[in-house]
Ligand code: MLT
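First, one chain by itself in structure tokens, the form predicted alone.
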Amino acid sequence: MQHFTKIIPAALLAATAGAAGAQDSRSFEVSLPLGPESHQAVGVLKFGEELERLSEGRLTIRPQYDNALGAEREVVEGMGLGLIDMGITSTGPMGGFVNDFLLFDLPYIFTTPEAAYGFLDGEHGAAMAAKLEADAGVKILGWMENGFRHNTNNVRPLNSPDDLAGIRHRTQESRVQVDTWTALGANASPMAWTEVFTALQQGVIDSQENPVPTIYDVKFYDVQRYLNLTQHVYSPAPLMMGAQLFSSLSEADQAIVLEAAAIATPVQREASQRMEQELIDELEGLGMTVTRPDLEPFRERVQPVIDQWKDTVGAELVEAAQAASS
């Protein structure tokens, strides 16, 4: 199991901090793409609460909501350059830094949240985190989650992949996602997250995809008519810190940061899963038509995308992820 999921007894942390002597007080800015009521905020605020408790008030956070510090790619780059302290983001932009992260853009790899947790909390998640730290200068503290992604659009319910024909669909800035939605029959094009709501509102695009808690938090129900539970991708939301910043902390404070993340991660995951179930009904009540299509035709349609990208992502990694769901 990777080091940042191992929970260290609080008494040991306190003893270590005491032995190290008085430490400086620090306040870390944390970037979030979503708002203070989101499932991401549940995890970040729990992390901040535990960080303050374990450090006896010396270490605190200042959450910056709704992309206040920049779009996700800019935030990841900013952490690597030491310009941004911490952030939680989707893995969408990370394939541009490490090919392994394209795994989370491949469709229908994970079938349950538990399968994803087992994969991420084991040797494969640890290896991916180490690669991101080496290549991008960003340290993953905990594999929090966005959840399974689902389609919304303004054109029609999706009962089969054929219903995507002609729909102008926004993807994240990922080549794999563009290929996936093209294979499903949509007119797919990447667009920065900060532009999506306005583009839907103005009719520039018809469709997007995100986890249910994100769809609710951003109020896509105001500009989208149909919610289609396609469950096509499981999306982690790693909580991260600039590697240089982490290394600059004392060993005692490094242990406190990792401990706080280890406690907060399962709390955030549980909230994410609970919110998905509750908010589907809420979105339906707000006027969205909810469709639960048979997923097998969607899986069959995108199998060539998995075959095409498997070697780029890493065949062994893809097979290990698929095995986690079998």
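Keep in mind that this is a model prediction, so the values were computed, not measured. Sequential numbering from 1, following the sequence displayed.
Just so you know, the form predicted together with this ligand exists too; it's not on screen, but the next bit is about it.
- Contact check for Glu72: a non-hydrogen atom falls within 4.5 Å of this ligand in the predicted complex.
- Contact check for Trp193: a heavy atom falls within 4.5 Å of this ligand in the predicted complex.
- Contact check for His232: every heavy atom lies farther than 4.5 Å from this ligand in the predicted complex.
- None of the heavy atoms of Asn228 is located within 4.5 Å of this ligand in the predicted complex.
- Listed stretches are 28-36, 52-60, 296-304, 267-275; the contact stretch with this ligand in the predicted complex is 28-36, by a heavy atom cutoff of 4.5 Å.
- Residues of 143-162 lying near this ligand in the predicted complex, listed in sequence order, are Asn146, Arg149, the criterion being any heavy atom within 4.5 Å.
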